[in-house]
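Below you will find one chain, with nothing else, as structure tokens; this is the form predicted on its own, and questions on how it binds or moves follow later.
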């Protein structure tokens, strides 16, 4: 806000030629967030930067560049189109993992590009094996198991069938990971449920290891689990919202508060700053209304800045 200006009021001017507003994304803030996460997990676990939803609205291309410069070499996406966008913008040959949606007809391209993906049902598993056999390139899979979230993942009752299928087709599968997702790790009310999920995951892990199935990575932790359930920090953590400077919930922050240093009680930094251009200044007397209807009334004499808000914005990376 400009010095001496009490209120900023926006006008929506549809001018696609000149961007009078910009979004600044701070690479320094991102590095700080990754540094903090690293301090929590230690030097060994891989940090997978979750860039689903266009990198939580920050822009996949921008975040891939910033993250790789910060040392990140693994990215998680929700869908195949996001994964291919990461592949296009990666300059460091980073690993890419699809957490959710892909179309079976895309499997050949994904396998050829070395993009890994979650497998949580037999349809996707069998389709991937068939493509792998046809092109003679092993498919990189993360086997997701159902531990209590009840969304995606192989149920415990299918463990024997699943293990047999993986063993029989071991030449066509690279077992990149054994994974699960916790139901509400960011909320204290889900503490017992998450603890049960952790125990269930280890039952799956022990079962597969007992059948000679070796996975490159064991990973279960999202941002919240990483921060408040240290036992979920395994070979890799999947860092989404915390990487962008947000605590998953207030509960997550309060759970960590007493462990944070006195001189830095909020080590996560927001990446985005929205800046706009002031178009005009106006004095408004106390009691007068601003804008349409009675949406805002000046409670004292103020100086108002009117700025331009356009639909097309430049994106600056600092």
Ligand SMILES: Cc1ncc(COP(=O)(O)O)c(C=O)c1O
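Fair warning: this is a prediction, and the values are worked out from it, not measured in the lab. Positions refer to the first chain, counted from 1.
One more form of this protein, predicted in complex with the ligand, exists but is not displayed; see below.
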Practice task
Name the single residue among 161, 91, 112, 151 that comes within 4.5 Å of the ligand in the predicted bound form, judging by heavy atoms.
Solution key: 151
Practice task
Would you kindly say which of 181, 217, 74, 205 lies with a heavy atom within 4.5 Å of the ligand in the predicted bound form?
Solution key: 181
Handout entry: Contact stretch among 251-259, 28-36, 275-283, 51-59 - heavy atom within 4.5 Å of the ligand in the predicted bound form
Key = 51-59
Problem - Non-hydrogen atom contact residue 239 with the ligand in the predicted bound form at 4.5 angstroms - result: yes
Handout entry: residue 99 within 4.5 Å of the ligand in the predicted bound form, heavy atoms
Key = yes
Practice task
May I ask you to check whether residue 222 falls inside a 4.5 Å heavy atom distance of the ligand in the predicted bound form?
Solution key: yes
Handout entry: in the predicted bound form, residue 118 touching the ligand (heavy atom, 4.5 Å)
Key = yes
